[in-house]
Ligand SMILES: NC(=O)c1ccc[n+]([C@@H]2O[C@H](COP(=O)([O-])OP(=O)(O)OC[C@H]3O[C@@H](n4cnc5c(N)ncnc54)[C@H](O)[C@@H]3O)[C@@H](O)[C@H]2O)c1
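Listed next as structure tokens is one chain, alone, in the form predicted alone.
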Amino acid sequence: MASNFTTTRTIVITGGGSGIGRAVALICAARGDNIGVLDINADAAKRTAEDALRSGAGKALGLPCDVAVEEQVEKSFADISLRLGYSYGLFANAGIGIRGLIHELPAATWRQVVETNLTGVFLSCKHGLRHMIAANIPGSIVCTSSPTGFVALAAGAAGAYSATKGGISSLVRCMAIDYASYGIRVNAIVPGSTETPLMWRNIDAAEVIRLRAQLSKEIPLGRLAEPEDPARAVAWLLSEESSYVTGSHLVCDGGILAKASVSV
């Protein structure tokens, strides 16, 4: 059966209203891709889509979507397929971080983190894959994992977030095997400390400058990432340049995972 893939690709990005997701949208737009932006913040999704058009996207669409709600995810993919064409690429990136020690964490908070971060990736991939398979598109999926999926944060109190990122990493490996026969590649990006709203969500505003300086001393490359740093890695995974890469984790963390925490 002939593929329905054309030279103009449609890339869907969840959590595309800000941070790394927004940066990926603009990088892919600059190379002429159609851009579908999903974000729980409708205004942010619309702004990114408008900026994607200005950056060179053939078409762009911003839609409000809570990735934890399947009906919204399903409808969003249907709308994007109708208006932009079937997706070649998916960046399953939407996520939240709520800190708390496990013995103090309300079950409702645990569920909120799991449903957004892990179930949200599952639902995004589920409906993205359905559209790719229906259109016979040999596409690419990238999911956002984290160093916390491999090691614990020194600051602690990230059990729920870390558990979801470890789950995403396992899901990526399984999907890479399950969908290789369809020509669909599945990989993960592992961004480190990045200057995004999520990075500082749980930090008192008065502490941000001090903690940024402290982190910069602890990260081997000497600085936090800008959103464009991991975004360029994601864009590569969404391109044909990475056509033989699947089931992999592309670590873009400034050296965090390579560094032991002890000084002697």
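This is a predicted model, so every value here is computed, not measured. In case it trips you up, residue 1 is the first one in the sequence shown, and so on.
Omitted from view is the form predicted together with this ligand, to which the following refers.
Look at 89-97, 178-186, 150-158, 126-134: in the model of the complex, residues with non-hydrogen atoms within 4.5 angstroms of this ligand sit in 89-97. For the three marked residues, 17, 116 and 194, a heavy atom of each sits within 4.5 Å of this ligand in the model of the complex. Site annotation in the model of the complex: the residue of 237, 67, 26, 61 reaching within 4.5 Å of this ligand with a heavy atom is 67. 40 is the sole member of 40, 53, 211, 219 with a non-hydrogen atom within 4.5 Å of this ligand in the model of the complex. Contact annotation for residue 140: none of its heavy atoms lies within 4.5 Å of this ligand in the model of the complex. At least one heavy atom of residue 146 is located within 4.5 Å of this ligand in the model of the complex. A residue is said to contact a partner when one of its heavy atoms sits within 4.5 Å of a partner heavy atom; residue 199 meets this definition for this ligand in the model of the complex.
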